[in-house]
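Single chain ahead, by itself, as structure tokens, in the form predicted on its own.
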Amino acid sequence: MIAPQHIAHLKTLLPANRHLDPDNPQSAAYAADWTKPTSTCISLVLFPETTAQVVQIMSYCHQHKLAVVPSGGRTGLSGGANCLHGELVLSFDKMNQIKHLDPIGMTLHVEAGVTTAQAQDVAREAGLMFAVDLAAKGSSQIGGNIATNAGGLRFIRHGGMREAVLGLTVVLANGEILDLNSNLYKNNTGIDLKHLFIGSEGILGVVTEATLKLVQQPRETSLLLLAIPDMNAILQLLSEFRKQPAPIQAFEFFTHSAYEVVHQIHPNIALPLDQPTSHYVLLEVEVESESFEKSYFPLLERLLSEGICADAFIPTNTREQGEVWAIRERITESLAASGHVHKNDISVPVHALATFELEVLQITQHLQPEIRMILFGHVGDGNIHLNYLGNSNMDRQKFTSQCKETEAQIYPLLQKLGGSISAEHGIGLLKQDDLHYSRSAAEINWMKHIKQSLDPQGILNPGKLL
């Protein structure tokens, strides 16, 4: 815990209504991300409104070796925002201003607490698009997205945060400001330091502002919901649509088990297909409806006749599109309401997806019926979310133990296939012991050197990632 004299001084750095004490019931929400640990411990929550205030806070914390956890929307799933040892929480809820939009250069300058949805809305009003799209877009914040290098639903078309960030303002552990906030698309003048902080999970510096790259809105898109017999057929489907002239905007998949979980929690969400099967693909392509009918109907007929697709549904209006997307976007929250959940956010080379899924189902077969495997994800870029769903009446310790034992078999498989143990949510607290499955000893060693160089006292998000 932070000593009372330090708490008292930190409060003076901000207006009186810009902090929460641990005994305030609202403070608990700032102590953890969506992993919801059994116990948390914080000393104070501060809500700075400017980069200058963050500088003051970090300078004082550096001087007195006080641990700081940067906090965004806390929608992560690896414990990256969890406080267990009385750390100071630095929340960016009040740094939520849109600083500047350049419609000609197609850039958006924002503070770190701006939500993904806010950035999308402002871009849309200007006739442009912020392409990073997450199921948690209403609460996930740009700073947190940068810290975890968030991907999302449209990664297959536009990439993730690393591709979307042109510039950053970063406050280092000692309070020094790194002004990396360029709106240049091309700047070949040595090492691009901003990439150190994208995906670093807040252990190297605190992102306070960012300049984001916007893209043109697609003229018109067509959405398909396809019933697919297995993962091999999904890969065939992806190959066929990659050959078409219209770019793929999204290529998502979920299993029938995932749909059943959503339907149980949200009975009004129904699958609009006559031929249910084990796998489903949500496919969005940038093509006008008339061109879609001419170019894609013959392709769909062939795929149906060849058995690659068992059934297809094409929404005809925005309401139907929203209902179809709701199935995919409600999976995570429905799982959380259905029992004990343990998640593996992994990625494998796209060509190896079918092999990986088959072996995972064999490895996890012994867990049923107490624990079910629910699969969904951004399959077009190789990202699958493995979800262990345990009965709510199952002993939590037994559930966690069985999940960890199963991971010990799945992670070596990932390593063999050249995959990653974390595609989107980072390492945080939960995956540190398994980092070696995705990064070499040399890589981990250099990560530690960089951490030591930028934060020699280890006060920034201690215990996370490394």
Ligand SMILES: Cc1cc2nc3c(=O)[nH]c(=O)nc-3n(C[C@H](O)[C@H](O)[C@H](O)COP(=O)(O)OP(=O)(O)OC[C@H]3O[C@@H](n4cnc5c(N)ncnc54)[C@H](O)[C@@H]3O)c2cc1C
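Predicted model only: the values in this text are computed from it and were never measured. We number the residues from 1 along the sequence you see.
Note that the form predicted in complex with this ligand isn't included here; everything after this is about it.
Engineer: Within 4.5 Å, heavy atoms only, one stretch in 140-148, 239-247, 386-394, 366-374 touches this ligand in the predicted complex. Which?
Structural biologist: In short, 140-148.
Engineer: Answer with one of F130, F253, F92, Y259: the residue that has a non-hydrogen atom within 4.5 Å of this ligand in the predicted complex.
Structural biologist: Looking at F130, F253, F92, Y259 one by one, just F92 meets the 4.5 Å heavy-atom criterion.
Engineer: Looking at V206, L226, L353, L88, which has any heavy atom no more than 4.5 Å from this ligand in the predicted complex?
Structural biologist: Only one listed residue qualifies here, and that residue is V206.
Engineer: Is W34 a contact residue for this ligand in the predicted complex, using a 4.5 Å heavy atom cut-off?
Structural biologist: The answer is yes: W34 has a heavy atom within 4.5 Å of this ligand.
Engineer: Does the 4.5 Å heavy atom contact test between T221 and this ligand in the predicted complex come out positive?
Structural biologist: T221 lies outside the contact set for this ligand.
Engineer: Verify the contact flag for G380: yes if a non-hydrogen atom of it lies within 4.5 Å of a non-hydrogen atom of this ligand in the predicted complex, no if not.
Structural biologist: Contact with this ligand, no.
Engineer: So in the predicted complex, does E201 come within 4.5 Å of this ligand, heavy atom to heavy atom?
Structural biologist: The answer is yes: E201 has a heavy atom within 4.5 Å of this ligand.
Engineer: Select from 428-466 the residues with a non-hydrogen atom within 4.5 Å of this ligand in the predicted complex and write them out in sequence order.
Structural biologist: Residue within 4.5 Å: N461, and no other.
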